[in-house]
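Given next are two forms of a protein chain, the same chain in both, each as structure tokens and marked structure 1 or structure 2.
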Structure 1
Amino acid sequence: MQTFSYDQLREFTYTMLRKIGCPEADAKIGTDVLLSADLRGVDSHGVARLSGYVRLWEKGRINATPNVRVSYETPSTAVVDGDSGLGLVVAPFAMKVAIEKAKNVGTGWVSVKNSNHYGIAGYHAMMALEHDMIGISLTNASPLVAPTFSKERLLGTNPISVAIPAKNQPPFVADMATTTAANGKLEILQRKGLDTPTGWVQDKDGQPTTSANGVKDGGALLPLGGDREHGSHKGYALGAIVDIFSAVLSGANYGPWVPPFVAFLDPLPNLVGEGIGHFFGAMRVDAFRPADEFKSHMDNWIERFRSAETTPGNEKVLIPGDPERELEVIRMKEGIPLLDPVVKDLTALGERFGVKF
């Protein structure tokens, strides 16, 4: 494990995105999205993913200079065509469209097609906070998840993020996969040589396994809940909702047709849409009640939950977003730790492009 400053990783990431042809503004926003994951402790979606994006670009599956545009719209809705661009760039563009529509008519809803992996869902949802809006961010992803009762991988980890502003308290920021664990957590366990907890993965025969390589060996991630008895049908339903909102609604690929993130696997033939899909919402708080009044009540909500009596051995009740926010402060000050395999990967990536890591 080695630790790097935010500025070191920011400079390297920005330079690499420029090397593959991203315009200056796109490289900056893409870097911000990736580094926000590392700061917030979502290590699987930060700079550890950088070489994956570069490999997709080398395969011609990512367009470094996309013409991201609105292809259809009404006063409160839009479809954005990402032109095969980096999802790190396409998603903020689409969220801005949602925010502008919310400014005009109260709410904005944007579905996206022809995009790629967009980093952490929370980054995009949180864009709404500074406008006194509630932000919603969804995306579908590579099919690694078996629906309840199935051996087939038909859904992605399909995260949901909702960001809600408060007044004096920090905002409420939920950011979660609809699987028991995100695939990135498996990747981290693989690098550490550790097993998974029970309920994360099933093997190729549909039987429970704790192997961190279970998905690589033909198995599947499990929906939130793990199995039917613990509510996996609910996780399956949530993942399906994300897939439909993100892709069936926009014209992106859905279900098993979503293109894989890894460059060594080609997309399936006879695709049903264009690229990966996302979905964004922005809701002006004052479209419902005065913003200050709402935010004061959010403070009250948060303070009451923080003061809840805890179970033995636990110090406090957390509000969604607390761990990430606290870690962001620490890592900005003390640096961002990277596992040795990630350092090795980024070093090799830099050497290929003449950039020192």
Structure 2
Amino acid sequence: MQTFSYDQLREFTYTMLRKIGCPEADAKIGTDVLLSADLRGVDSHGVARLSGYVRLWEKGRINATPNVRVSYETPSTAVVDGDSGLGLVVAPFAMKVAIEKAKNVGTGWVSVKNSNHYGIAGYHAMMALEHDMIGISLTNASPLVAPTFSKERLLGTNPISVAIPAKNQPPFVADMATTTAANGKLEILQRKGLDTPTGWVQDKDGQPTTSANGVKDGGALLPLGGDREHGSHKGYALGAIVDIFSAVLSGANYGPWVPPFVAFLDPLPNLVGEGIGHFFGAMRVDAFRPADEFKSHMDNWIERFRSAETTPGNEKVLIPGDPERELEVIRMKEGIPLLDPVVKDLTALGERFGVKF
């Protein structure tokens, strides 16, 4: 484990994105999105993925100079065609379209096709906050999750993020995979040689397992809930809704057809759409009630929940977004720790392109 400053990682990421041909503005926003994951503690979605994006570019599956554009629209909706661009660039473009529509008619809803992995869902949802809007961000992803009763992997970890502004309190920011646990948590347990709790994974025969290698060995992640008795059909339904909003609405690939993020796996033949899909929403809070009134009540909501009496052994009830925001402050000051394999990977990546890590 080594620690790097935010500026070091930003500089390296920006330079690498420029090396593969991204225009300045795209490299800047892409870097910002990627690094926000490292700052907020979603280590699996930050610079650790940089070489993955580069390998997809090398395979011709990511277009570094895309013509990202609105391909269809109504006053409150749009479809954005990402032209195989970096999701890190396509997603902020689409979220801006949603925000502009919300300015005009109260809300804006944008479904995106022909994109790639877009980093952390929360970044895009949070773009709405400075406009006194609620932001919503969904994406589908490579199939790693088995619906309830399915042996096959048919869904991605399909996250849901919702960001809601408050007044004096920090915003409410939920950002969660629709699985019991994200894949990044499995990787941590693998490295430590530990088992998973029940309800996280099934093996390749569709049987529950606590092996942290269960997914790597051909099994699947389980939807939030874990099994039927604990509500996995609800996690499955949520992941399905994310998939449909992101891809069936836009014309992207859905379900098992979502192209894998890893460059060594090829997309399936006979794709049903273009690239991967996202879905964004922006709602002006003053399209419902005066913004100041709304935000004061959000403060009251947050204060009431944060001050609730706790269960034994727990210090306080958290508001969604609290842990990530606290970590962001710490990491901005003290640096971002990267695991040795990540450091090695980035060093090798830099060497290949003549960039010092």
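Since the structure is predicted, the reported quantities are computational estimates derived from the model, not experimental observations. One-based numbering along structure 1's sequence throughout. Basically, rigid core = biggest C-alpha set you can superpose within 1.5 Å across the two forms.
- The second of the two standalone chains is derived from the form predicted in complex with a further copy of the same chain.
- Taking the rigid core as fixed, one finds a CA shift for Met126 smaller than 2 Å between the two structures.
- Annotation: Cα of Ala212 displaced by at least 2 Å between the two structures, core superposition.
- The rigid-core alignment places the CA of Thr148 less than 2 Å apart between the two structures.
- The Cα position of Thr198 changes by 2.3 Å between the two structures once both are aligned on the rigid core.
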